[in-house]
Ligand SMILES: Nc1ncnc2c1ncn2[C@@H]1O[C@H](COP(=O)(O)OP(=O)(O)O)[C@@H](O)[C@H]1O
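Below sits a lone chain in structure tokens, taken as the form predicted alone.
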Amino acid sequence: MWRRVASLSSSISSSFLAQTASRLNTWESLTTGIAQQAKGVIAPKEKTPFITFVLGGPGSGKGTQCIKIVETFGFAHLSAGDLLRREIASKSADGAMILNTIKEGKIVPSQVTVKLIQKEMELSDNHKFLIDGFPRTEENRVSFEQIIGVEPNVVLFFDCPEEEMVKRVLNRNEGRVDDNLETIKKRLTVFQALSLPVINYYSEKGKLYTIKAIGTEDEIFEQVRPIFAAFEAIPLNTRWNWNISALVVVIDMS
């Protein structure tokens, strides 16, 4: 359902016939939603997804802060790295390819990662997603927007000095295949070359929030908390009415 809502605007402009069908579907969704809102019940799957990208170099503390965001604000946490490692453990053909790519410190093909993320989003009952460690390249970003059909609402960038990231990765001792000095150096080089353009892109769009990732876990989270608290403070009916107005404008102008 969330995918139908997210793709609504693109379907309206495809052709006159598609526009007509889309208008009927939109009106049905709106009237159903209004009735549900009046009862105080709107199923999560009927909400437009709220997507947060969580970016930062290896060892910047993304995963730790994602746990705190989940606990405090109720997001579903999708770690691109965890999804890839799960695929490796499955012993599939894609898993073998992913393993070799990671060992070389390279980026896994965009479509592979996006499809894994898409599958998890579709299986979730949540509508708020933290997508951790993705997109890492401009190609990743474009593939996500093309396949999933939405842009992120928020992009967090955990800015951490390289020497601190190296120290954290070598000390965490989680048994990961990429937690060794040679691979971490490769990953940092790749991050600098490929991920910074993504960060700059979202900065120009006004969606980037830079977090200084030095200090205790709680100190860092105090930089993160106000970002999501601000969105949580917007009343549901205000967000709902804004969405209705936007859809009506699209319909009236087409």
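The first residue of the shown sequence is 1; numbering continues from there. Predicted model only: the values in this text are computed from it and were never measured.
There is another form of this protein, the form predicted in complex with the named molecule, and it is not shown here; the text below is about that form.
Site annotation in the predicted bound form: the residue of T64, T189, S203, T210 reaching within 4.5 Å of the named molecule with a heavy atom is T64. Among heavy atoms of G215, some come within 4.5 Å of the named molecule in the predicted bound form. In the predicted bound form, at least one heavy atom of R168 sits within 4.5 Å of the named molecule. At least one heavy atom of S60 is located within 4.5 Å of the named molecule in the predicted bound form.
Proximity of I227 to the named molecule in the predicted bound form falls outside the 4.5 Å heavy atom cutoff.
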